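One chain follows as structure tokens, the form predicted alone.
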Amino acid sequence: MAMQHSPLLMSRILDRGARLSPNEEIVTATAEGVRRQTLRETRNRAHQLAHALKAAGIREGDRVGTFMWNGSRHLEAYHATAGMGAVLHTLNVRLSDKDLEYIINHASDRLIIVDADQLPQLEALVGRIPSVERVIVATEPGFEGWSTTLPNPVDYEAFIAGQPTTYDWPEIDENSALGLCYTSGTTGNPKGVEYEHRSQYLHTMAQAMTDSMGLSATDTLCGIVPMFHAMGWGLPWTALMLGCKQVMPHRFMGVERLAELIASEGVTVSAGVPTIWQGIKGLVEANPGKYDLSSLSRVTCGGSAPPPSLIRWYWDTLGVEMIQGWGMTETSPLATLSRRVMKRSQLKLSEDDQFRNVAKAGLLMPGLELDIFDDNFNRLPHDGETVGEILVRGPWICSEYYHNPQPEKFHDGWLITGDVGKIDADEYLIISDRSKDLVKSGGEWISSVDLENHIVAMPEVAQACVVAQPHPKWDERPVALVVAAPGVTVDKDKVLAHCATAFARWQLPDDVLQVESIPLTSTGKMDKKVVRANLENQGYRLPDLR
């Protein structure tokens, strides 16, 4: 029997949540508390925005930029652009003026929707972004009296006022562009990753699977990961489809406000980078009994590997399952996930053994292919010991960069991720490091991630960053930078003795430096290139030669 062919368009699933659960809420944090609107209102406003964009001359395939925090209006922009066939270009509010200028011009954004508090940063580009015809300004309490030198500005509410609340979504090619995200490049200009309707439709379905993030219509989701980073890890799409209550922190990203939102709104699931979850841990430990986080059942941690000690703390202290995820902008980003129990056979494992698996990057998502290769692209054994370059391919994996061919990043349909790791006999991926962050000492590789995770397990250490430093004999040697827990000082000899319990002598850091903070990238990861540059600029030299 022939089946009816329907293109896999996001417009076919995004109205579903509002239709099934019209009275669930979208909650946005403000300076005065929170702002609430129902899913039905959010859906209607998204349709109004689509009409307004069309009236402003936006057509299928045109790029619409957003320079916004996580909030209901950003969600409406997701919904509206996807439905009408425009391309949502989420601009990272933490990027430099230089990178923003390049990205906006490279994408040829025609219109930008901007949160009013971000106007000064965007205004620095006036006269340098000729493709932008107008800006739409979204206003929250405290920013009502805005003015701007940006072209043809209009208030968001005035822009959508009077527009119809139903837009007849067009049927377009399922391979049409849906979104555009740029990587925060470590060298050269940022690279654009274009997401198609088909790829994100399939990614959305995979994300809702029980053995994936297990997102449910019964959940209250607090998406802490910015919506400008890899489409908020796809969570806005999935939550709209299912009809979840969503809690959005906007610009209020301090751990105190996040903990208050989780407690007051009954958040059940959240997602963010390890620095967020380390901050929540420190807050809870410093204020016992102050924050009721009992509603929280699971958090997804990605961007970089969470320390095993952090994963265990959340379970032992709060009863919260930390789900480790691995991926990147180029993988939409979901590629592997590790949960406490991911196979029926693991039900019989001891809790300690279950947590050993959670500390791995996880199992491959259905629909994808992943393997490790040597320098000649020969597959390597899955023995848990052999380390190779990680390559991945599949229906939501980038196959080329937007208007920027870089054949060295791809091989025979595979994405060369830049990560190195191993795969064990149970098919768990174990990340060793970013290839550029490995320490090569005397011809042997030292994993900075493994050292960091071991050091941060010490109660005196709040954060640890290990980077390579040049060495005249061994080529490179590891140096550890540590941020102390509140009120304590970190002892170098104690750190080295702690590392010696798990690492060979040649793998130990040559130095341990206590610092006030670790520089972070625009997506909240430790910025090791800045750490290395800072050490060089300060004239740092290793204390001795081995």
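The first residue of the sequence shown is number 1, and the count goes up from there. None of these values were measured; they are calculated from a predicted model.
Omitted from view is the form predicted together with another copy of the chain, to which the following refers.
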query: Each of 6, 347 and 426 near another copy of the chain in the predicted bound form, meaning some heavy atom within 4.5 Å?
result: yes
task: Flag residue 245 as yes or no: does it have a non-hydrogen atom within 4.5 angstroms of any non-hydrogen atom of another copy of the chain in the predicted bound form?
output: yes
task: Verify the contact flag for residue 367: yes if a non-hydrogen atom of it lies within 4.5 Å of a non-hydrogen atom of another copy of the chain in the predicted bound form, no if not.
output: yes
Contact test in the predicted bound form: residue 211 vs another copy of the chain, heavy atoms, 4.5 Å: yes
query: Taking heavy atoms only, is residue 151 within 4.5 angstroms of another copy of the chain in the predicted bound form?
result: no
query: Since exactly one of 193, 132, 323, 305 fits, which has a heavy atom within 4.5 Å of another copy of the chain in the predicted bound form?
result: 193
- line: another copy of the chain in the predicted bound form has a heavy atom of only one listed residue within 4.5 Å, and of 205, 284, 261, 449 that residue is 205
statement: The stretch from 94-102, 409-417, 113-121, 312-320 that lies within 4.5 Å of another copy of the chain in the predicted bound form, judged by heavy atoms, is 409-417
- prompt: In sequence order, which positions of 207-232 have a non-hydrogen atom within 4.5 Å of another copy of the chain in the predicted bound form?
  reply: 208, 209, 210, 211, 214, 215, 216, 217, 218, 219, 220
